[in-house]
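As a starting point, one isolated chain is supplied in structure tokens, in the form predicted on its own.
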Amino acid sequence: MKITVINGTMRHGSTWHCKDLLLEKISQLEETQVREFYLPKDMTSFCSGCFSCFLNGENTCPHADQIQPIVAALEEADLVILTSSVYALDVTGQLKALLDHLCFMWLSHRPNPKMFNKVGISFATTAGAGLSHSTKTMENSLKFWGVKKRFASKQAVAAMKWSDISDKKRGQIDKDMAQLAKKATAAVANIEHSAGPLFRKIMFVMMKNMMKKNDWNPTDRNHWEAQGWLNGTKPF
């Protein structure tokens, strides 16, 4: 199994330890190849809002040299894991900056067919509140990328440091990661035969009808035409 992990922080705290435990549990079930990115080291820039990726293609993004390797790793992965600690009741600014850069491949613009048969995990930890909102931010990107099967892991660790987490909580985390590893591994194995999300189908049909009338962004429309989607070809 090929796994791509986007770490929303470079800090090796509770989120990092839980993610590493999950990878260990998966590797016990399946041979894995893991590629990890750490933010902001591997993507240092905020989106400048220039619209170049939308209007002229993602290769014209002023930060394309950092974005393209991440996109390539996402394309190659069977399982995509997005992780973030909770900052101000949401994902880290570093992760949000990356997700902003990747909006060009949303279903509403130029969806990437290589994302359609993937499994995704949104992974967050916090000492207190904000888990649902943070995982929702990550889930939204997986959802609009067209990822077929999605899971979320929310760990309220009630501690500022991994070493301060109680033995009881560590035991629960271990069980949670083992269970998530089984679910994710099974989902990857059966992805070709599993049903796709209803949202994706509805969004695809809605955007196809809009793209047929699209005279405001030839780059998006040309993408849909090149895939054959405006002439009846169905990606799923």
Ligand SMILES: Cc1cc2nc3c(=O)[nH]c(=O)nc-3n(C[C@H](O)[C@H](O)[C@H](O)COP(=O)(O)O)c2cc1C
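For every residue, the number given is its place in the sequence shown, counted from 1. In this text the structure is predicted, and so the values were computed from the model without any measurement.
Keep in mind that the form predicted together with the ligand is not shown, yet the notes after this line are about it.
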{"item": "Among the candidates 106, 116, 151, 87, the residue which, in the model of the complex, approaches the ligand to within 4.5 Å (heavy atoms)", "value": "87"}
{"item": "The single option of 125, 135, 141, 94 touching the ligand in the model of the complex, heavy atom within 4.5 Å", "value": "125"}
{"item": "Output flag, 11, 15 and 157 jointly within 4.5 Å of the ligand in the model of the complex, heavy atom basis", "value": "yes"}
{"item": "Partner contact for residue 72 in the model of the complex: the ligand, 4.5 angstroms, heavy atom", "value": "no"}
{"item": "Stretch in contact, per heavy atom within 4.5 angstroms of the ligand in the model of the complex, of 158-166, 72-80, 98-106, 141-149", "value": "158-166"}
{"item": "Within 99-113, the residues that have a heavy atom no more than 4.5 Å from the ligand in the model of the complex", "value": "none"}
